[in-house]
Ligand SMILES: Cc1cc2nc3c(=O)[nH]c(=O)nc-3n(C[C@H](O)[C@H](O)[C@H](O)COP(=O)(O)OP(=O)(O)OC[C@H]3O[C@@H](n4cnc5c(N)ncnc54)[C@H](O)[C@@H]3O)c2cc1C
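One chain comes next, on its own, written out as structure tokens in the form predicted on its own.
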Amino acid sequence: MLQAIATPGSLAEAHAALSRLPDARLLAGGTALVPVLNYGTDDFTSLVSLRHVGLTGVNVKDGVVTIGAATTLAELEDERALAFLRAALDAIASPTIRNMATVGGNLFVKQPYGDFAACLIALGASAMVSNGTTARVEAIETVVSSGLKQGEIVTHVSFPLPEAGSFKFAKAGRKALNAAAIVTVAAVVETAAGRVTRVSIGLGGVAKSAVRAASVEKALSGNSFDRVSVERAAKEATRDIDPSDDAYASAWYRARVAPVHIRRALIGE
């Protein structure tokens, strides 16, 4: 039962609150946490709000994007340099939710939600993680798979801007809008002379957390960027995923259609 909410005004105060309230959960947008409270299924007594800690904003400098962890998804939609992400952002929940949901919170929301984490994996993004004394940089796929230690806070994420036209995205759900993912595919593919020179792929909905499709990347790298090569590489996704059954799709179905949606994301057919 919730008994206390701390509203720190700085990162240092947030860490102090976490030390004082050892079972506390971090509260950013609250789109995933507040329903837990409403349903009465919470197992924590305290919240530490990040609303006034100063972890918001988007900065683009020298081809690198840095986003505060408490920045909302709606704010990203308004950033001209991130126009390539708008289709992906529009596929996440509803405008009302995107006005509250944050970049940092999306990293830890349970699958089959958390589509933006798959995008960040594809973009080769890293997270700055603070423990109150020191900070470290971790790859996003590591952060989402391993989680955070007690008292740690993701302060921001960063990634290099992809080449124009190289970012790809596709999401399969039971309805077109405001749907949980059956399979989410985000990718950055760069080519030269018809061959893949760089590829990075993030998948959502097909494992406990968003994952990197390293086997698909390996199979596609250096090969022709055509339907035959992409289909062959996409089949390697079974090595990277570990889907489960839920109300939206079975594990069998997710494994069966993942290669199809990888192909559709990469070549649009």
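Don't overthink the numbering: it's just position in the shown sequence, from 1. Keep in mind the model is a prediction, meaning the values are calculated, not measured.
What comes next is about the form predicted together with the named molecule, which is not displayed.
Against the named molecule in the model of the complex, the set L33, N106 and D115 is in full contact: each member has a heavy atom within 4.5 Å. Not displayed here, the named molecule is approached by L27 to within 4.5 Å at the level of heavy atoms in the model of the complex. A residue is said to contact a partner when one of its heavy atoms sits within 4.5 Å of a partner heavy atom; I92 meets this definition for the named molecule in the model of the complex. Looking at K168, you'd find every heavy atom of it more than 4.5 angstroms from the named molecule in the model of the complex.
Contact annotation: V65 falls outside 4.5 Å of the named molecule in the model of the complex, judged by heavy atom distances. This chain lacks the partner; the member of A69, L220, V53, V211 within 4.5 angstroms of the named molecule in the model of the complex by a non-hydrogen atom is A69.
Comment: the named molecule is not present in this chain, but in the model of the complex one of A139, L161, A172, L148 has a heavy atom within 4.5 Å of it, namely L148. Partner proximity in the model of the complex, defined as non-hydrogen atoms within 4.5 angstroms of the named molecule, places exactly one of 149-157, 75-83, 186-194, 119-127 at the interface: 149-157.
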